[in-house]
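One chain is shown next in structure tokens, namely the form predicted on its own.
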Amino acid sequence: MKVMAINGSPRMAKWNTATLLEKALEGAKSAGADTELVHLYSLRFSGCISCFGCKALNRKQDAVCIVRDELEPVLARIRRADAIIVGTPLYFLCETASTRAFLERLCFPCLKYSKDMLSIFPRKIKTGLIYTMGASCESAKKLGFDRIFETTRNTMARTFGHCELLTVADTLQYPDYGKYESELFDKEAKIKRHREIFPKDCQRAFELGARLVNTILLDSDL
């Protein structure tokens, strides 16, 4: 069994999103899965270029983006995976640019332009979304972030048949708040929360990874 995690943060080494994805993969491994972590910002690729090759009547495969770049082999491996977990911070009220580009290339080819608009991805797989944000839970609610989360979760669920959502708020933005603009934030509260609460968030990510694999195993026994 293969579980892939896709890191949509440019901060690839041991920061919030990458750490949570690593914990999710640890959870998947604990349940018996092989795992892979892909850093989108290490790849050169574009979003959808509106070529409509995935909608052409003479296309060779369904649910496959025909653009050839460094994302192509990642998408090919996803087609063979049993589960995928996508992680992204919120930048400027949305997923990161690389995450949005990835989701366009991943999901749009699976959307058939027919009246039922059903997904044509060849099978059902388990998926998860992990969002990180510097905003507090209260601020996130006021800004309507829940609509962003649910829109993407619904897209993933419609495309692949299942999607779980994990959100982590009030994350630590800077390693040193003395070097950057930070008047908006309570530095000491941020550091305290990261020390006391973020480990619990990591445990939730671990449980997400394990749960996805265990659900696959349970479904295979039915």
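For every residue, the number given is its place in the sequence shown, counted from 1. On a predicted model such as this, the values are computed, not experimentally measured, just so you know.
What comes next is about the form predicted in complex with a small molecule, which does not appear here.
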The small molecule in the predicted bound form has a heavy atom of only one listed residue within 4.5 Å, and of 135, 118, 75, 97 that residue is 135
For the small molecule in the predicted bound form, the stretch among 103-111, 67-75, 87-95, 122-130 with residues bearing a heavy atom within 4.5 Å is 87-95
Open item on the list: Test of understanding: in the predicted bound form, would residue 11 fall inside 4.5 Å of the small molecule by heavy atoms?
Closed with: yes
Against the small molecule in the predicted bound form, would residue 182 count as a contact residue? Criterion: heavy atoms within 4.5 Å.
no
Just to confirm, residue 206 within 4.5 Å of the small molecule in the predicted bound form by heavy atoms? no
*Find out whether any non-hydrogen atom of residue 173 is located within 4.5 angstroms of the small molecule in the predicted bound form, and reply yes or no.*
yes
